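We begin with a single chain expressed as structure tokens, specifically the form predicted on its own.
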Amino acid sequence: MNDYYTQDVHGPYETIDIGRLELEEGGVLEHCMLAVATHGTLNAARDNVILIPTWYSGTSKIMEQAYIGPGRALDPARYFIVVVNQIGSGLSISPSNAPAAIAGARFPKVRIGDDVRAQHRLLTEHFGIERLALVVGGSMGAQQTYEWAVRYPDMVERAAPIAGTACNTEHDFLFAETLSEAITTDPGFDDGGYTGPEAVAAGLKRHAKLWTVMGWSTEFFRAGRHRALGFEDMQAFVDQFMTGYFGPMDPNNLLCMAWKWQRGDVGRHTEGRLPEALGRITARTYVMPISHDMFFPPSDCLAEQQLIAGSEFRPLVSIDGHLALFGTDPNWMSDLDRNLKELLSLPA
């Protein structure tokens, strides 16, 4: 067992068995266990629900720490906030905690749509929820937000995809490919049969370095933001923060999520016709890219936003790039809160 994926590190959360989930790629999760953190109280009308899906490598804990709180847009005094850890996250069913028959490299391929169908079952059958005041998520959470808005338009009243796209680009596919290859080319990876993350330490460090290069921006380093965050120099930032973050994670979990990320595409609902798929969205939608994001640049997000009727393009400025999602830039966080409060104030 990997001690990183525990209640001590990422709790509190509840693990809920939603039953048998047949996957788009043909596999099956006989007992699809979802790790779920809730904040606030479901009102009598059951119409104060906000759903937050998680991003690559992230868990419900970062959402609690950076995005949820009194006076914030995501205020548990007003809303019932449900954070669902995606399949493969290490908390929900994943290569690292699955039954032996499907553990590790044997874990079946999972798509963004599988996550959303699992979340839909959780909300409707476990919680009795039929309407969502808001679905909001960053990066892979944005991919799931788009999937929700396209797949279940009658259920989603508002949508806020942050720093993510509805259809992953070929350029971003290659970005993610390099992240995966950093892990799989480590001899210690052993085709996914490693004994633990420590056996793949070199690959995980390369993975962390690539995230450092692409997750932040050139302006981030030019401005000395890594020093402002408390690190002596770039090498210390890589070794202590970035490698410290990715080093304890299970490589097969990261590969499971990366495979999903690469293939995120709501156009599969309409035989590849993205405009038709995005035309299904009826939610009040704010598309919110990050100005210096190299994974999901604003231009990619704008091209999709223009296909969503009644949506608004609300780019948020931060030289922290994609990883402003970590909550490192207070000004960015304030702008995000302001936009989310405005979106939540709009009539559904």
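What you see is a predicted model, and the numbers here were worked out from it, not measured in a lab. Don't overthink the numbering: it's just position in the shown sequence, from 1.
One more form of this protein should be noted, the form predicted together with another copy of the chain, which is absent from this view; the next part is about it.
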Are any of the heavy atoms in Leu210 no more than 4.5 Å from a heavy atom of another copy of the chain in the predicted bound form? yes
Indicate whether another copy of the chain has at least one heavy atom within 4.5 Å of a heavy atom of Gln65 in the predicted bound form. no
In the predicted bound form, does Arg227 come within 4.5 Å of another copy of the chain, counting heavy atoms only? yes
Is the gap between Thr185 and another copy of the chain in the predicted bound form 4.5 Å or less for some heavy atom pair? yes
Assess the spot marked by Tyr4, Thr6 and Glu30: is another copy of the chain within 4.5 Å of a heavy atom from every one of these residues in the predicted bound form? no
Listed residue (Glu271, Asp233, Asp191, Asp154) with a non-hydrogen atom within 4.5 angstroms of another copy of the chain in the predicted bound form: Asp233
Name the single residue among Glu125, Glu130, Glu276, Glu177 that comes within 4.5 Å of another copy of the chain in the predicted bound form, judging by heavy atoms. Glu177
Here the chain appears without its partner; judged in the predicted bound form, the stretch of 169-177, 86-94, 258-266, 108-116 with heavy atoms within 4.5 Å of another copy of the chain is 169-177
